[in-house]
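Starting off, we have a lone chain in the form predicted alone, written out as structure tokens.
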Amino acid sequence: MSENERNAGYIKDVENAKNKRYKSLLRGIVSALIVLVSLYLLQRLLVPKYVDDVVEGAFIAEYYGEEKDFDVIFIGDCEVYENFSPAMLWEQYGINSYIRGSAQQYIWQSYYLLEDTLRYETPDVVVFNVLSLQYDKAQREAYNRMTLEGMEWSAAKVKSILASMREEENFLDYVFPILRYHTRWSGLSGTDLEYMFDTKPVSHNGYYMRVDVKAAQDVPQGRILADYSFGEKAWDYLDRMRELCAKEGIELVLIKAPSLYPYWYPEWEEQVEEYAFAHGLRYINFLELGEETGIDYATDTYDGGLHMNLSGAEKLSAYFGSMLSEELGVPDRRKETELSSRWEEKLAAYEAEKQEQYRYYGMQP
């Protein structure tokens, strides 16, 4: 065999070895991609969709699909997303608002949602409902997930997860939800397939609509507590919220919604009043403004006084909107063509659901 033939054979062997390594690498990459895509699809299938039952778990994520130019942002628990109607604020006052609420939203979660919101916009006013001051640690993982899973990934989400996790929870379960929901096979339904990649809106700028009526009767008084003081963690995050708003030039308004239960203790009221006075904050306890708001607990609640129904929410929003407009100077933006066009679509959806609920409950508008 000549030297040229030996060189050609050597080159061919090298090329064959390279091709084998390339094919092996390609097979590895394809196999890894198949595994990753399969895990992603399984995760999309298994995570709760929050479109039919427990819709509160969908509220936080809906914000990210909005044109973010809101003048008023509400943050807090069910006492904001069930008691205030951004549609009414727009119709009567031209106030462009959004509710970043979720079930039993803890104050540290409210703070990090505020941080998250400021990544996109700087509102004129932030409204925070003070009921969550009673909690100094998370009560249930389910409530954590209904707030945290809907947040887009950011430093704010990471910090909120770390501040919220109970001892039995794991940070990686939030990074890869399939680790938490891998046993959910028995609970799957057609909804999980229908909304595997996209979901339907379940709120109106964060407002959860209910038109049915259940009058408030025999509302229980609060049980005696060993200590009525709010915890250090709650005060710390209220300080952070106040300082962040001051830094960004945002008016922070503290409110107590007119929900009769959970019971709001006089001792809690005193602490909030003292804090607001000490820091020059506006605090409004709507429990004390029943005559001014016109709320009737026989007709304006759907669950015996815990939350307002549509009638109650619209009355409360009409009253609060006047304060936002006249006392805080939130602008009337109904003359802005593009924004008004967006609100026309929102109001149409709002009215459509209102009529659908009236039919469902056999009620007259």
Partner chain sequence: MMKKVYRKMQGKRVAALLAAAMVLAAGCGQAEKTVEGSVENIQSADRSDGTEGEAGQAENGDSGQDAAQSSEVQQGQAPEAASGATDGYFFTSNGVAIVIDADAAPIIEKLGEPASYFEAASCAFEGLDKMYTYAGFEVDTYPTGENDYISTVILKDDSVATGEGVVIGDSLEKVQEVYPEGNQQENGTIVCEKGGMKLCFIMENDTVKAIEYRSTVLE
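Residue numbers count along the first chain shown, from 1. All values reported here derive from a predicted model rather than from experimental measurement.
The form predicted in complex with its partner chain exists for this protein as well; it is not shown, and the discussion that follows is about that form.
You can rule out all but one of 119-127, 244-252, 159-167, 106-114: in the predicted complex, only 159-167 has residues with a heavy atom within 4.5 Å of its partner chain. Residue contact with its partner chain in the predicted complex: L306 places a heavy atom within 4.5 Å of it. For the chain shown alone, Y143 is a contact residue for its partner chain in the predicted complex, at least one non-hydrogen atom being within 4.5 angstroms. The shortest heavy atom separation between G280 and its partner chain in the predicted complex exceeds 4.5 Å.
With a 4.5 Å cutoff on heavy atoms, Q217 counts as touching its partner chain in the predicted complex. Contact with its partner chain in the predicted complex, judged by any heavy atom within 4.5 Å, is made by just one of V175, L225, L287, A155: L225.
A single residue from the set W235, Y275, Y261, W268 has any heavy atom within 4.5 angstroms of its partner chain in the predicted complex; that residue is Y261.
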